[in-house]
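Here's a solo chain for you in structure tokens, the form predicted alone.
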């Protein structure tokens, strides 16, 4: 029997989590329709993000996120934990207090398109990240404001988040 390397184990665990998420979405869609499924999905993912980031924050020993440097340290640690290679996404820090997230490909877009619900799908991916910011208790603004799925409407997906830290 083969012993899995840390990265192989991480990939399997994240793929399993994403499959659970997709199956939950699909079955909720069948039972409740797209409008209610979008609403429940976004609320659940954001609430999960708040809990998730607090666990990660505790695990890496960052008590409070008071500065952009604190934020960068926690965000980089969290991203390393939750991002898998198949996700084809990344982030950059183009300037002080600014985070940019980019999707080269989007697994959610591909899955939702496959089940035929992309026209009315409301993206839940960034809700997880917004939940992180809420859990960190930091102020932020998001551009662009997106309704629906940007990958579907624009062929690309990104967000630029600007943070305000109290002095």
Partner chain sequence: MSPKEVKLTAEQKEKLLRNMWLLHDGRWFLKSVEQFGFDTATKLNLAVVKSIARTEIKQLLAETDFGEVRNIKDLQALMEIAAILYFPEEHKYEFKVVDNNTFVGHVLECYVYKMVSKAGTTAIHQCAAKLRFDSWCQAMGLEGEVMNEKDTSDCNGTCKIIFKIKW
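Because the structure is predicted, anything quoted here is derived from the model rather than measured. Positions refer to the first chain, counted from 1.
Separately, the form predicted together with the partner chain exists; it is not shown, and the next lines address it.
Student: Would you check, heavy atoms only and a 4.5 Å threshold, whether residue 14 touches the partner chain in the predicted bound form?
Tutor: The answer is yes: residue 14 has a heavy atom within 4.5 Å of the partner chain.
Student: According to a 4.5 angstroms non-hydrogen atom cut-off, is residue 97 in contact with the partner chain in the predicted bound form?
Tutor: Residue 97 lies outside the contact set for the partner chain.
Student: In the predicted bound form, does residue 92 have a heavy atom within 4.5 Å of the partner chain?
Tutor: Taking the distances in the predicted bound form, the answer for residue 92 is no, it never comes within 4.5 Å of the partner chain.
Student: With the partner left out here, check for me: in the predicted bound form, does some heavy atom of residue 116 sit within 4.5 Å of the partner chain?
Tutor: No - in the predicted bound form, heavy atoms of residue 116 and the partner chain never come within 4.5 Å of each other.
Student: Please pick, from 45, 34, 142, 106, the one residue with any non-hydrogen atom lying within 4.5 angstroms of the partner chain in the predicted bound form.
Tutor: Contact residue from the list: 45.
Student: Please state whether all three residues 134, 156 and 165 have a non-hydrogen atom within 4.5 angstroms of the partner chain in the predicted bound form.
Tutor: The answer is no: none of the three residues contacts the partner (heavy atom, 4.5 Å cut-off).
Student: Which of the residues spanning 71-85 lie within 4.5 Å of the partner chain in the predicted bound form, based on heavy atoms?
Tutor: Contacting residues: 72, 73, 76, 77, 80, 81, 82.
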